[in-house]
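Starting off, we have a lone chain in the form predicted alone, written out as structure tokens.
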Amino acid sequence: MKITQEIKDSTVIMTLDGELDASSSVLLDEELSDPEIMKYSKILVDCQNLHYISSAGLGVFISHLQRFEDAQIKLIFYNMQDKVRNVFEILGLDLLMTIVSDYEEARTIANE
């Protein structure tokens, strides 16, 4: 798993590349736990190259949801492959998290 971040104004664009499993979820947790991320009002997660997500990977996002909501930070996923999106939908996480089709839609929702 490779995780990269790009900062644009008040937005963190986080790109996930590979498989988010138990071992790589630790890296994601470190990224999302970094106090610096709380300086931004939007986190856009590019999932185009995310090929697999385990329950541990999902758990990392779930564990940070409330903290981001309390800080009024929008967490938005985009470019999600169908097989990854199905995991979110089967578990009902698409009702808790914002998942959109592409970057432009993510930007639009983030700026509402």
Partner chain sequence: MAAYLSVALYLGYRVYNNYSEESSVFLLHLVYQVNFGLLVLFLSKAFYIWRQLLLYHKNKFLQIAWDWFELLLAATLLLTIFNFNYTSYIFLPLLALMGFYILFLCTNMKWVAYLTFNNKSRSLVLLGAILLSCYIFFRFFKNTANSPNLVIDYSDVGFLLLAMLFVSLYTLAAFLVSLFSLPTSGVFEQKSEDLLNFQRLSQSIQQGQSEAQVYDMLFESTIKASDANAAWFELIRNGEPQISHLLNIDAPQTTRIRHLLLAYNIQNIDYINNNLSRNPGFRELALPWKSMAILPIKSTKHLSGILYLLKDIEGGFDRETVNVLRTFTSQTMLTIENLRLINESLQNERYKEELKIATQVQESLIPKTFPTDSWFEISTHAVAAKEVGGDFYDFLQLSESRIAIIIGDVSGKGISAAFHMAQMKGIFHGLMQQDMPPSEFMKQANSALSRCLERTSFITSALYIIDYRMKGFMFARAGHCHTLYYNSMMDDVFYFQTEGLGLGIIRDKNYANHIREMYYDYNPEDVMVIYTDGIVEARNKANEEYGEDRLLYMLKQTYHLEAEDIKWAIINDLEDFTGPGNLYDDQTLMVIKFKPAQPKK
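Residue numbers count along the first chain shown, from 1. Here the structure is a predicted model, which is why all the values come from computation and not from measurement.
One more form of this protein should be noted, the form predicted together with its partner chain, which is absent from this view; the next part is about it.
A.B. asks: Can all three of 2, 27 and 37 be found with a heavy atom no more than 4.5 Å from its partner chain in the model of the complex?
C.D. replies: Answer is no for this spot.
A.B. asks: Is it the case that residue 71, even though its partner is missing from this view, gets within 4.5 Å of its partner chain in the model of the complex, heavy atoms only?
C.D. replies: No, no contact at 4.5 Å.
A.B. asks: Does residue 63 make contact with its partner chain in the model of the complex, using a 4.5 Å heavy atom cut-off?
C.D. replies: Looking in the model of the complex, residue contacts with its partner chain include residue 63, since a heavy atom lies within 4.5 Å.
A.B. asks: Whether residue 75 contacts its partner chain in the model of the complex should be assessed with a 4.5 Å heavy atom distance threshold; does it?
C.D. replies: Contact check for residue 75: no, nothing within 4.5 Å of its partner chain in the model of the complex.
A.B. asks: Would you please decide whether residue 13 lies within 4.5 angstroms of its partner chain in the model of the complex, comparing each non-hydrogen atom pair?
C.D. replies: The answer is no: residue 13 has no heavy atom within 4.5 Å of its partner chain.
A.B. asks: Can you tell me which bits of 1 to 23 touch its partner chain in the model of the complex, meaning any heavy atom within 4.5 Å?
C.D. replies: 19, 22 sit within 4.5 Å of the partner.
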